[in-house]
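One chain is shown next in structure tokens, namely the form predicted alone.
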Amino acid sequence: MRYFITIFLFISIALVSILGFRGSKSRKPPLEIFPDMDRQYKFLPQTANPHFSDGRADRPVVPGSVEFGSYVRDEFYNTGKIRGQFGHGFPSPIYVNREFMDLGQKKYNITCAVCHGQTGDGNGITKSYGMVATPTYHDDRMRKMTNGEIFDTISNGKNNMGAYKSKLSIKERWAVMTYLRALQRAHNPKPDDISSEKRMELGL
């Protein structure tokens, strides 16, 4: 009984302390036990921020961030289409060199090879686990697809393939498309693709 009275008095005092002054006026700011992040610091663009060593509120893009759009005003670059139709060739912002191909190979091996295989033949590791419908890149249908359509497929997915526009930047998607073309060309080489020295060795 003694403990009950003690607990009752404690609860009563606590309730009066918390609720007893509801509705009363005060010049003091309210007591907030759980502010729920109602008030936060806000820094406008191009203003000072003492939190960072350079004092700037504007921060550079974090390395490896995936862009959800593009400041490049080029429909072909952003969508793979020109006036609503899948485009051929490459958009003007793309410059294909060894560095660009290496980027495409790296991203392809990370995101695509597990299903499509290292050489693009559709014999990725997922085939061992029941995904038997993965297409090869080396049939006529895939070779005749425009660069823009392949870019669109990488971006938005198709059939059982998911979209990769949230995982790969626009530049990375074009790099993967370019590396895919290299796999196709390596699978169906032409004599002109081989140096004159190698052609002599092979008797071509």
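Everything numeric in this text was worked out from a predicted model, so none of it was measured. We number the residues from 1 along the sequence you see.
The form predicted together with heme C exists for this protein as well; it is not shown, and the discussion that follows is about that form.
State the residue from Ile125, Ile82, Ala133, Val96 whose non-hydrogen atoms include one within 4.5 Å of heme C in the predicted bound form. Flagged contact: Ala133.
At 4.5 angstroms, heavy atoms only, are Cys115, Met145 and Glu149 all close to heme C in the predicted bound form? Affirmative, all three are within 4.5 Å.
I'd like to know if Ile170 sits close to heme C in the predicted bound form, meaning any non-hydrogen atom pair within 4.5 angstroms. Judged by the heavy-atom cut-off of 4.5 Å, Ile170 is well away from heme C in the predicted bound form.
is_contact(Met161, heme C) in the predicted bound form, heavy atom dist at most 4.5 Å: Met161: contacts heme C in the predicted bound form.
Using the partner position in the predicted bound form, report whether Thr111 sits within 4.5 Å of heme C, counting heavy atoms only. Looking in the predicted bound form, residue contacts with heme C include Thr111, since a heavy atom lies within 4.5 Å.
So, Arg141 and heme C: in the predicted bound form, are they within 4.5 Å at any heavy atom pair? Within the cut-off, so yes.
Check each residue of 41-63 against heme C in the predicted bound form and list those with a heavy atom within 4.5 Å, in sequence order. Stretch hits: zero.
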